[in-house]
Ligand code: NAD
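Next up: a single chain in structure tokens, the form predicted on its own.
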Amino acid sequence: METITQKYADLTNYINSKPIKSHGQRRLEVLSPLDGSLLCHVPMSTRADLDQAVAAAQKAQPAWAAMPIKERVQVFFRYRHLLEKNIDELTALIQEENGKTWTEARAEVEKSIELTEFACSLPQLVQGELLEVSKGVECRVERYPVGIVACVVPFNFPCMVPNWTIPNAIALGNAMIMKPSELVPLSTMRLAELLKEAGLPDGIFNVVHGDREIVEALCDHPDIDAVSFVGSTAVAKQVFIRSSSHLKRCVALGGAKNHLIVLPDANPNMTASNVAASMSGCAGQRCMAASAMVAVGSVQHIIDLLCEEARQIVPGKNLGAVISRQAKERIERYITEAEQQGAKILVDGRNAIVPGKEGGFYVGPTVIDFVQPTMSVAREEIFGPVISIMRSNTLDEALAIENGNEYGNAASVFTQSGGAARYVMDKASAGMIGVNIGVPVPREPFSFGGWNESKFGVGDITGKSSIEFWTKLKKTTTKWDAAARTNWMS
């Protein structure tokens, strides 16, 4: 009988800065999408495991919160240095467990460094307010941490999305329990080690592995004060409803169907290269990927260039793998269904095989034309390197198609007309807008987040506006001068 070897030791939970074996009996295989090889096994934890993590966080958080923020952020100055020092190791790990190209994986770590740099600036942003509101009477506003926060993160960015929450939430005085995706748990465990090396006190960052059972337990736990979630819309809704029903604050980011509107006056080469990069970057496995293109009027020359660009994107070379065999099969079903419904496949990425990595999970770039807005490929999030082209005669028709989809993460317009760009900026129903940009992700200090079915809850978990989510306000009014003139304000 053939023995299957694995590269890494089986994982444990990470509680109070120690590896802690799960009470759960179930384990899942973690496979590399690059070649299908076994990396390790990850435990499916129980509520008893979560109770251990919460107890550790409760014990550690008061002392951490009592520390001045200028002292807390010193940990993240050191953490930033460690991310930079270990960038090649982290890049390799992301590539191995997620399937990204080296360049894409490295960009994740570089973005994590930027996120950490922003957290280091928080002392300048949360200094509070003080005003003498009447003679001898002062009002003061100060920010306090929420307490124990839980973060559920997805498979598509094993390093970046955890760092959407880790630096800001923890620097602001909270203790955290993170549930990484069971498909890519290794990167989060390495981040935990780097945080410990940076000097983060025991119990402030904990990792509990698992699946739906643990997510539900995080939503239900009476001692968890806030929950953030990033993943599919269906699950985001459930997490928001369940957390809110237990009176927690919650922001849950869901899926997307991002539309790129291409006008006839768009710069042809820039548009084609941007659209191709947006639809295929990270193998299309990102909620900011171009999934639908609305071609307005006479833009066939741009579509032809887009196809040329797509044919230069080669699986295993400059296109990474999708996360699993199930994902590959699902993506290819969407393509086949569109073809059966009358759409035209201009570039076909089905049945992609990378020589030497026949066990990997690859889908080539796929361009589908003459898609109708009612088709599944036009309405649903495919999460693969696939773009569906819909035709319209006017910009208003294009906006009607964009606004008719249930999601609202991002939308972009490609044009040389400032007036047309402004019109789309005003009318598109999405939280993040791009002009001649295929992936309109805001950079720090601006926050990430969409509208409609792409986001549930108030506030953000990244950028400057995340301060509102990760903290609560205390308002104090004081009067010491008994001789001060008294009026209705004092």
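When you see a residue number, it is the position in the sequence shown, counting from 1. The structure presented is a predicted model; accordingly, all values stated were derived computationally and were not measured.
There is another form of this protein, the form predicted together with the ligand, and it is not shown here; the text below is about that form.
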Counting only non-hydrogen atoms, choose the one of 191 to 199, 77 to 85, 228 to 236, 131 to 139 that falls within 4.5 Å of the ligand in the predicted complex. 228 to 236
Looking at the ligand in the predicted complex, do all three of C40, E96 and E329 come within 4.5 Å of it through at least one heavy atom? no
Quick one: from P167, G254, P145, G364, grab the residue that has a heavy atom within 4.5 Å of the ligand in the predicted complex. G254
Which one, A321, C287, A292, I177, lies within 4.5 Å of the ligand in the predicted complex by heavy atoms? C287
Can you tell me if N409 lies within 4.5 angstroms of the ligand in the predicted complex, counting non-hydrogen atoms only? yes
Given that the partner is absent here, does A272 sit within 4.5 Å of the ligand in the predicted complex, heavy atoms only? no
Does the ligand come within 4.5 Å of any heavy atom of K317 in the predicted complex? no
Using heavy atoms and a 4.5 Å limit, would one call E104 a contact residue for the ligand in the predicted complex? no
For the stretch 201 to 218, I need every residue with any heavy atom inside 4.5 Å of the ligand in the predicted complex, listed N to C. G210, D211, R212, V215
